[in-house]
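Given next, in structure tokens, is a single chain: the form predicted alone.
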């Protein structure tokens, strides 16, 4: 690396843990599919059944994706008793029947609501109906609730989300609670024990680098906002940089790989947002890469840290179980990143203050090429395309 200076990093595992995390849910980041990024309000019983079938037939469920989540626009009103109503034209069999269908395929069922009086698309929200809605969701067989923050009407975010969290817990049904407050009140500081995951930014958009005037963010813009959040993530409580845009128009093949790789490094929920019925093989191969998914789902639950920052070139590292590590070399520039990376030029310190690499040799496995490279005793050749990554897993050589 030009102008490289060795970086010595002391990584104390200081992840904040709250014993109140409900029911030991989401001990690894949730994986599934959500309707919003590709379909917006165009949701229906037919679509959800087809996506459920496609999740099974495509191999997505075998790879670990198991939640099928309907986002906004499924609800149209309330009955005379205040019970939330699904659109009878789009969901003629009702939500209980749809949940049963999803469950019959070995998958789990999720819905969307909002802490405000209205959802973001101006459908009925849950404010004032939290316990009633939670009971209804449980009766339907809901396993996952995404809870948004539109029309919040000046509520205190922590109090509003705790009310729905308490309502879900009171049902006795284990329901993963996804807080979608956009990071405005720093939920990573208060949401452990209230939710199982919390959004850290405004909505993702299918751009590599963009900050839209209404707050939407591209892939690297979201990555930048995760740098200081690593200590808040862990089993049962995850930082959520938003759903995946992999397979949607707007990103190149290399950018899709970067997106998926960095979400895995960040221990992020992996909620696909593409059309599973019409996945090109190259998209399917990204979303079902077992080696990348294994890093995302590592049971130690530690989020990656940015180890080296050289502007256009970054190196991220994630500590894994069994004393393994994952490295992701991120090339943000418009030209390829070519060099030999010398593992011996820096050390990584764990909380026991023992230097890695200086005394221990690791094998280097490229998770995208799916092949073993050299060990850390010799430099690794980097040839990373523009907007691309190289992602490797390091294991001790005994």
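On a predicted model such as this, the values are computed, not experimentally measured, just so you know. Positions refer to the first chain, counted from 1.
This next part talks about the form predicted in complex with a small molecule, which is not shown.
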item	value
Proximity to the small molecule in the predicted bound form, single hit among 255, 72, 296, 245 (heavy atom within 4.5 Å)	72
One residue of 327, 232, 177, 112 in contact with the small molecule, assessed in the predicted bound form (non-hydrogen atom, 4.5 angstroms)	112
In the predicted bound form, residue 148 touching the small molecule (heavy atom, 4.5 Å)	yes
Interface membership of residue 182, the small molecule in the predicted bound form, 4.5 Å heavy atom rule	yes
Heavy atom of residue 317 within 4.5 Å of the small molecule in the predicted bound form	no
4.5 Å heavy atom contact, residue 121 to the small molecule in the predicted bound form	yes
Contact stretch among 113-121, 163-171, 95-103, 220-228 - heavy atom within 4.5 Å of the small molecule in the predicted bound form	113-121
Whether 36, 199 and 203 all lie within 4.5 angstroms of the small molecule in the predicted bound form by heavy atom	yes
